[in-house]
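As structure tokens, one chain now follows by itself in the form predicted alone.
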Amino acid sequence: MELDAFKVAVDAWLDEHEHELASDYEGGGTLDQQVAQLRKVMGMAYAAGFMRMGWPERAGGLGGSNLLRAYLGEVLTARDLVEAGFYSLPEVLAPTMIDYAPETLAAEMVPKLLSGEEIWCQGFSEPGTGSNLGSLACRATHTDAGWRINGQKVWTSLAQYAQRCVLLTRTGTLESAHRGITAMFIDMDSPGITVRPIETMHGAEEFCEVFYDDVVVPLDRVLGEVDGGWSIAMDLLPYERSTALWHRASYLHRRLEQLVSAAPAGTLDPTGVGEATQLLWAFRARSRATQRRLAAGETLGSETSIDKVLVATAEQAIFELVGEGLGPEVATGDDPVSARWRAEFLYSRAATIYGGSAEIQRNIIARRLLALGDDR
């Protein structure tokens, strides 16, 4: 289906099923409510065929361009039907399964993710190493029974809800760094896995630390080649900064419009609003080009760090305006609407940290794109 026809079909379906798709809570809702809403919307969109479009047929999709997926996430977010970050997890994890898992495994598992039947998580960051994947210490040892995993991950989003995890482990020696990493697809109900949610300053337990104690993983759950996980991670990260960020921009655009509408006249500095708007549209222009490159079959790489810096800067600029425009009621109000604005402001402080810190992204831009300094 072409993009224009897809837009018409999706918009008509959303209008028809507006009441069924809407959440049953006011404001941002609890984490449990957000996840339940996500699964409901994904399930309905999958049954209607829209969640399958833009994904290859060999993995249960209906084919077509990634632009179809970009628009679906954009409009679901714009209508406040899903939380953008949670909805976009398949954009990060499904391509990895499709490209690197055995074909039969991908065909079995990807539809479960797209339909909302399952939640998946991503086990990359570790205590003491953060996003420095070359220093991973979580180890997988080859045994006759399978891979035996020991170690810890942290900042694993939605691990307490997840049925599966795309996990990076150390299979070579630590000295081999990037060459000694292997990606695996594991079942989160495996014996030896302990999940401990972490409450953040915005009051949610979105992130978790996950412990792996002698967890046995079948040998056929390796993604790609043994010791070849670094290249998989490098392929995955640009997806995290392409369509997923396009969806987030849709959320930011909606919230900026709502903020301007809700703020009493004269409380918002027009210069601040203008700067936030300019930053958001600068990102959208950049991200649109990224979507088009992906649709053309081009390989994404270090240049997506620009997208990440732009969207994080726009997010913080937008929510800096909340206190100015909505005042003390956001800081102290107990109603769901005020609580949501407050939580979003606090969460925006992390926008320049999660998914790769702004400092690291600027280093990548300087070294790999502008050839400034030693690229190591």
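Just so you know, these numbers come straight off a predicted model, no measurement behind them. Numbering starts at 1 and runs along the sequence shown.
Form predicted in complex with a small molecule: not shown, discussed below.
For the candidate set Y87, Y239, W155, Y251, a heavy atom within 4.5 Å of the small molecule in the predicted complex is found for exactly one residue, namely W155.
Out of the listed residues I360, A9, A366, A22, I360 is the one that sits within 4.5 Å of the small molecule in the predicted complex by at least one heavy atom. Proximity of Y347 to the small molecule in the predicted complex: non-hydrogen atoms within 4.5 Å are present. Contact check for E74: no non-hydrogen atom falls within 4.5 Å of the small molecule in the predicted complex. Taking non-hydrogen atoms only, G229 never approaches the small molecule to within 4.5 angstroms in the predicted complex.
Proximity of F207 to the small molecule in the predicted complex: non-hydrogen atoms within 4.5 Å are present. Partner contact region in the predicted complex: 199-207, out of 253-261, 199-207, 275-283, 293-301, criterion any non-hydrogen atom within 4.5 Å of the small molecule.
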